[in-house]
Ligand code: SAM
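A lone chain, given as structure tokens: the form predicted alone.
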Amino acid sequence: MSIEDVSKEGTWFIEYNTPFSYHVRGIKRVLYSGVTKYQRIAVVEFEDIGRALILDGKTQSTLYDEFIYHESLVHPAMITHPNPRKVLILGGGEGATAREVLRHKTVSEVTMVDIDDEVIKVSKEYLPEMSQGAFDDPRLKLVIGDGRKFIEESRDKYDVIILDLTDPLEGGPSYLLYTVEFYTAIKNRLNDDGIIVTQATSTFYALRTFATIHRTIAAVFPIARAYHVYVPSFDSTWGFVIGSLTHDPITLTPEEVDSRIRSRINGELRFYEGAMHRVIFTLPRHIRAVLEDKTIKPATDNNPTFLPA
């Protein structure tokens, strides 16, 4: 490597995966840095993967590969449901999750609840490619508020609920959104054949946290399915868990997934498809072994799960 290959600004972003490991990226420029009531926000342009949103020192999305994360979060649950019309998103401040939900022709109403309006404002200004106009779609209702409080006070019912939350960090804004009590409250906000999906942290750096989230959802929902994808900007495979009252995502064939994509989604997807649906739900043996570990207990309000674990 020559000196020309080194970050020209001499500025580096260090992201800790665990207390004992981290990865480093060169920063071309810092577009925004600030502190809200809830978290630290930064928007930077990395030398190799472009602009990115960073919350509390954790990369949330980059223009280089956000489509992998957001398509994987949204579409398996949406495609599994036969007719998702009313959708609730908790989190997702960049607007990319809403963007993907609104691509579904069946959707008539999306409610997005985010606790931190500053994340939304910053994302609109510095990362408009993330939302691609989603915030202006008349089907989207934006609520600034606490997601758990909204769930506990709402009486509305939804077909799909998507939890695009920050990781369960001790002292962070989201750790009580990964508990039996919270998932039980969410279950009560679903229609009879409803589905939830949550991001579930790294399956490499935080495997037991991932397994705990899966075990917690399985304690509440009759169907709980874990899956993961590799997200380059996270330097890790990343986990997700679906909780369903009726429909099981692993029963869908690749042909059925592709047929539903063609008939129900506007535009071309870049990552998710029928073949990939089967791949992401096929977890390696060592991960399956941890998911089956009976010593892992569901997270509760009194005994939550935190990163790293």
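Numbers follow the displayed sequence, beginning with 1. It should be emphasised that the depicted structure is a prediction, and the values quoted were computed from it without experimental measurement.
The same protein also exists as the form predicted together with the named molecule; that form is not shown, yet it is the one meant from here on.
Undergrad: Examine residue 76 and determine whether its closest non-hydrogen atom to the named molecule in the model of the complex is within 4.5 angstroms.
TA: Because no heavy atom of residue 76 falls inside 4.5 Å of the named molecule in the model of the complex, the answer is no.
Undergrad: Please determine whether residue 232 contacts the named molecule in the model of the complex, using a 4.5 Å cut-off between heavy atoms.
TA: It does not: once the named molecule is placed as it appears in the model of the complex, residue 232 has no heavy atom within 4.5 Å of it.
Undergrad: Wondering, does residue 55 line up within 4.5 Å of the named molecule in the model of the complex on heavy atoms?
TA: Yes - in the model of the complex, heavy atoms of residue 55 and the named molecule come within 4.5 Å of each other.
Undergrad: Within 4.5 Å, heavy atoms only: does residue 193 come near the named molecule in the model of the complex?
TA: Taking the distances in the model of the complex, the answer for residue 193 is no, it never comes within 4.5 Å of the named molecule.
Undergrad: Exactly one stretch in 215 to 223, 163 to 171, 76 to 84, 130 to 138 has heavy atoms within 4.5 Å of the named molecule in the model of the complex; which is it?
TA: Contact criterion met by 163 to 171 only.
Undergrad: Can you work out which of 177, 207, 122, 107 has a heavy atom no more than 4.5 Å from the named molecule in the model of the complex?
TA: Flagged contact: 177.
Undergrad: Quick one: name the residues from 89 to 121 with any non-hydrogen atom within 4.5 angstroms of the named molecule in the model of the complex.
TA: Contacts from 89 to 121: 91, 92, 93, 94, 113, 114, 115, 116, 119.
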